[in-house]
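Below, in structure tokens: the form predicted on its own, a single chain.
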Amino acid sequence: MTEKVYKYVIVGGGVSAGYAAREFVQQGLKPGELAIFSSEEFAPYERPTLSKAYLFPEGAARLPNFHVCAGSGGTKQPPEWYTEHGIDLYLSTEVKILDVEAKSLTTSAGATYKYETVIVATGATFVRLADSGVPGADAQGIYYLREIDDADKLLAAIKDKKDGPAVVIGGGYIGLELTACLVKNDVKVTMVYPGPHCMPRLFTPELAAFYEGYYEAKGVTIVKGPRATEFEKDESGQVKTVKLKDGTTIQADIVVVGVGAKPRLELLKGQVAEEKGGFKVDGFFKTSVPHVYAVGDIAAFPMKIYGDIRRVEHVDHARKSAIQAVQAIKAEEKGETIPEYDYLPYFYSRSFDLSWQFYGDNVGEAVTWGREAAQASSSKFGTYWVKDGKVVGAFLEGGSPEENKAIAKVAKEQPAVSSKDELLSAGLSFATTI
């Protein structure tokens, strides 16, 4: 049997794959040139929706409404979109072998395909407590969130255990956003995380105090410090209690775990150069092998604005890195060049009536303004990070689109500031008037 040959192949069916496909089309893709291989059964969709709106008791998000590229205001791309543009979309198809030297891939079903250029967009997966040897972590009723199938299982548990208590392990994005969804479903939640406060990689203690207080006002119990060390099951294997390191025992019919993610590197491991826990790429997302590109969570790329190498796990970077890679591929074919990737770190979250955005780098001294008035969800407050006399990062809660653009501009331009008092007195106006 003759192997099918594609000019371009994308391995992975997440956000990056969908945005890369759109960019290929916009660059003049011919029918039959591109194939996407995805282990999921759905065409690429906006993954953040799962922790923000998929679990809502009313007005919940459902496909096809959040297929890419809905998250950036673009046209949604359901399965028929790929067909219309001559793209072969292989769903529920796991790639087991990616042979860079042979320019071929083999699926779990044993089918082999050849390609000229490959974009690897395998993303990240959740960290399982069972992999760390936590006793009882294989119990029924313990949930993780990465794909629609995971969300459906959690949704079924919420309906089945309507009166049962839930424990959320983790105080990061997933923990905070899923706790809000559970509360909206009238589930009693206890959050457990080992750090001194929530979102420790971004929030200052002062910022965290507001969000923790807001959640507690919604009825959430927060337990900080001790780790979950064991899960007790009943005779049917269903989780019943969570044991903490300090001896505390918490009843739980539902446990949701969000303790981090790990990049999925298996397919390229040992075949291209690695750095910072990912695959080393240049400013065009080309790896050490010329015809192999890596984008999104797995790419360790030059962060031009700060002059270092970083790996970013966020949907904004997943979208933009995919677009950059495709533009670079097409430019090279024409003997042209494009500017190197110039990314401004960006993170955001929405839960309850809260909505914050952050741009830049959270290094140096943090200056929080408007905090004393932030007693209601409509209150605006924020933080600037100052290093070497310049504002290098900015955070804003409750901002309008225009105000969020203003703090992004501050983080990008890094204006000089004379003193902490200047930022405290100016507050948001420091960003909106420069």
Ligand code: NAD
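The model shown is predicted, which means the values in this text are computed figures rather than measured ones. Heads up: residue numbers just count along the shown sequence, starting at 1.
The form predicted together with the ligand is left out here; the points below concern that form.
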| message | Taking a heavy atom within 4.5 Å as contact, would all three of 175, 201 and 260 count as contacting the ligand in the predicted complex? | response | yes
| request: Work out which of 352, 348, 214, 284 lies within 4.5 Å of the ligand in the predicted complex, going by heavy atoms. | output: 348
| Contact residue in the predicted complex, from 227, 218, 291, 153 (heavy atom within 4.5 Å of the ligand) | 227
| query | Looking in the predicted complex, any heavy atom of residue 141 within 4.5 Å of the ligand? | reply | no
| said: Test of understanding: in the predicted complex, would residue 67 fall inside 4.5 Å of the ligand by heavy atoms? | reply: no
| task | Would you check, heavy atoms only and a 4.5 Å threshold, whether residue 233 touches the ligand in the predicted complex? | result | no
| request: Decide whether residue 313 counts as a contact residue for the ligand in the predicted complex under a heavy atom distance cut-off of 4.5 Å. | output: yes
| request: Please determine, with the chain shown alone, which of 398 to 406, 49 to 57, 385 to 393, 362 to 370 has non-hydrogen atoms within 4.5 Å of the ligand in the predicted complex. | output: 49 to 57
